[in-house]
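The chain below stands alone, shown as structure tokens; this is the form predicted alone.
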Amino acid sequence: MSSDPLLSRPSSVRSATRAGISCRGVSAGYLGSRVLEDISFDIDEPAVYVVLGPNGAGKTTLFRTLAGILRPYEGEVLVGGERIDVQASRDHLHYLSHMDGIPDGLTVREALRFYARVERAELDDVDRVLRLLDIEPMAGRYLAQLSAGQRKRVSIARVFLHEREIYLLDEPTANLDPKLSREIRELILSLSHEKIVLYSSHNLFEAREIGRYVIAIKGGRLALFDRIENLRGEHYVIGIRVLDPGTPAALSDFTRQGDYYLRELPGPESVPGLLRELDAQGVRVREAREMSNPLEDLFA
């Protein structure tokens, strides 16, 4: 897949304006039952904002409210300084639901051509996103014949048919294999150089990998809105996988968890020194990864 969807996009469809999005005291839900309560934040910087929370926290409800699908019981959503409505949503937002909603009776190409008309894109854009998401080989297949991961890829292709200023992506990597998940995250990171991307997930490590900001929802309320780099947990644990453990004493201070040797450190700044120490003792390190995540403390 192409690593930069903006570079592969015709200049004629690049946006000339930039819109921010604001929540002001928003409470929302379904049939009179409140799911979100008094949510407030302002976003105007292009970046990936990870909307994080456990299942049932209100992430999807927030996205539907931001997209204008749900009307708040209280408060308001503003896009570009104006209250969200159907037209503002079409002009400024792309909303990718966690449910694809694509009819099984259409082929991949037919479905993308339909959405191209809805999104006011050109038919040439269909061919472009087929290449971008590497789904040309399945263009003639019916949606009913695709796996869950293949359907998700087609659903994500819709996002890149026509450029918007704000993207609401509800768990876009769910049901995808690790390789494709990584490729989708790379596309989204490229997109976020110029665009505002709200990206919902309940995967704490994915949030650290892709996000610049975290919007944490807990029990329907805003638990945190901050730069991810500002978050520090009580414990920092590094996991080491080795090709050669060296001498028995080299890893005596580590605990074992599956293939990993674990060690608690003061913080990520201590990792290079630890690796040099292990190398000096003959330990050949295959992988070093963070095993703890300060975002876990938000939902403890």
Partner chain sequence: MASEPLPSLLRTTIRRSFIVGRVNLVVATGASLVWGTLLSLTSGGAFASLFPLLLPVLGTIGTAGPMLVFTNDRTKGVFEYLIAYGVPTHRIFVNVLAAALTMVGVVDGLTLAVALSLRAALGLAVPLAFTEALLGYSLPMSFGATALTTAAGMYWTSLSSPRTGMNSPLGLLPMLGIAPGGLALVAAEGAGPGVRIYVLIGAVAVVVVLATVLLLLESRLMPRERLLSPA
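Predicted model, so just to flag it, every value in this text is computed and none were measured. Numbering follows the first chain given and starts at 1.
Another form, the form predicted in complex with its partner chain, is not on view; read the next lines as being about it.
J.: Would you mind picking the one in 119, 163, 206, 186 that has a heavy atom within 4.5 Å of its partner chain in the predicted bound form?
T.: Looking at 119, 163, 206, 186 one by one, just 119 meets the 4.5 Å heavy-atom criterion.
J.: Of these, 103, 149, 140, 219, which has a heavy atom no more than 4.5 Å from its partner chain in the predicted bound form?
T.: Only one listed residue qualifies here, and that residue is 103.
J.: Could you tell me which stretch in 126-134, 173-181, 109-117, 192-200 has residues with non-hydrogen atoms within 4.5 Å of its partner chain in the predicted bound form?
T.: It is 109-117 that comes within 4.5 Å of the partner.
J.: Assess the spot marked by 67, 70 and 97: is its partner chain within 4.5 Å of a heavy atom from every one of these residues in the predicted bound form?
T.: Every listed residue reaches its partner chain in the predicted bound form, so yes.
J.: Although its partner chain is absent from this view, report whether residue 153 comes within 4.5 Å of it in the predicted bound form, heavy atoms only.
T.: Residue 153: no, not in contact with its partner chain in the predicted bound form.
J.: Hey, in the predicted bound form, does residue 90 get a heavy atom within 4.5 angstroms of its partner chain?
T.: Residue 90 belongs to the contact set for its partner chain.
J.: Even though its partner chain is not shown here, does residue 60 get within 4.5 Å of it in the predicted bound form, heavy atoms only?
T.: Taking the distances in the predicted bound form, the answer for residue 60 is yes, it comes within 4.5 Å of its partner chain.
J.: When the contact criterion is heavy atoms within 4.5 Å, does residue 29 count as touching its partner chain in the predicted bound form?
T.: Heavy-atom contact with its partner chain at 4.5 Å: present for residue 29.
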